[in-house]
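Next up is one chain by itself, shown in structure tokens, the form predicted on its own.
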């Protein structure tokens, strides 16, 4: 018999949302027949507003087209976002709309009845909108994506030139990546390492789960991860990659490693384009020539359309809002799925959920952004798979995998032993 267990914040979230759903509240179903013209302001949750400008960009762009409606932002703590949002929803003080910051927690909100049905908005969208399937359950859609990140391979052209190593061109496998990382480290003679893979489980498991044909996070069968860990451990042992212990003990940030030229390569999400541009302008990152290439692949069969991963980021509507506010919120969601919104996001280096020729042109018109052929191919051509498939089991299984990740890279257990233990836990705590 399948058994679902949530831990930590997820358990708190499920409890709070269930209680709210059972209390009845003001659930307005699909929003009724409200009149958006009766509303002059709607509220939207965001986090770290000073360093995460996308929320204000969307609010301003919408207001430019709808001068009678103001989108008011409510700031939350980035690290406690879901916990605080759950508390506000339970207390009836949540904003009219909120961002689904972590896809693995989407099912908690959806199952708790804390998202309005926005299928009618999606049905009117023209063109492709990446990530919409992640927010659709049994034919009903509960959020509209505004951004769809993807993981790339960033590289420092100056350090590659110094080492005499050819740039990644989109044809690399992970074995090519490891070989070049070691060659770079040797050639740079201690001035910089060949690569930097941050301590997150995403930097290894995200790629494995997207690219490995045997991968299925929800199955609890994770033997396929063993060779992926063996490759990274070898990079650490050969001084081509900083050790996991050094990263965690010293609280090393990935921005400091690539931005100050401590590493010649770095797998990271597309959001880092905007961050690096901003940090080079502010002086927080050094000035150097850089680019981004497709993530290395399992083998050459996927290099024409590289497979990578990332979760979409969507916006949902608080079901406690009245019918008029629901209508206004849906109008805003329709806007965030538009080319106009996508263009506004692309202007600040955000990868929007809508990508077409005009959006791509806008993205690569940003001052300082790499405009080489490989970078443009990387942005426009890939298959992005979600890191967190939507399931009530996802959060707990990912927590188990994260424990295994730390255990392996810290040297506590071999990949075989740690993965076997994780599989046993998955069966006993979740799937058994």
Partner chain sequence: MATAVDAPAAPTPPRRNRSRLTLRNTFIGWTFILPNFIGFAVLTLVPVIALFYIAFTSWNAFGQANWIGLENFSRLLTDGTFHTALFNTGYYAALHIPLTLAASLGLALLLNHKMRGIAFFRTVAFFPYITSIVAIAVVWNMLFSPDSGPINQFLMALGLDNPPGWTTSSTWAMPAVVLTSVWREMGYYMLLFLAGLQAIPRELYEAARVDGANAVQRFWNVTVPSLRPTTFFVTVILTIQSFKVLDLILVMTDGGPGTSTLVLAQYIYRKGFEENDFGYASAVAVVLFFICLGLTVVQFLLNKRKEV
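In this text, all values refer to a predicted model and were calculated from it rather than measured experimentally. Residue numbers count along the first chain shown, from 1.
The same protein has a further form, the form predicted together with its partner chain, not shown here; the description that follows concerns it.
- Contact annotation for residue 80: at least one heavy atom lies within 4.5 Å of its partner chain in the predicted complex.
- Contact annotation for residue 410: at least one heavy atom lies within 4.5 Å of its partner chain in the predicted complex.
- In the predicted complex, residue 109 approaches its partner chain with a heavy atom inside 4.5 Å.
- In the predicted complex, at least one heavy atom of residue 396 sits within 4.5 Å of its partner chain.
- Only one of 339-347, 355-363, 85-93, 131-139 lies within 4.5 Å of its partner chain in the predicted complex by heavy atoms, and it is 85-93.
- Exactly one listed residue, out of 260, 253, 171, 249, brings a non-hydrogen atom to within 4.5 Å of its partner chain in the predicted complex: 249.
- Among the residues 105, 241, 211, 318, the one placing a heavy atom within 4.5 Å of its partner chain in the predicted complex is 105.
- Residues of 401-432 placing a heavy atom within 4.5 Å of its partner chain in the predicted complex, in sequence order: 403, 406, 407, 410, 412, 425, 429.
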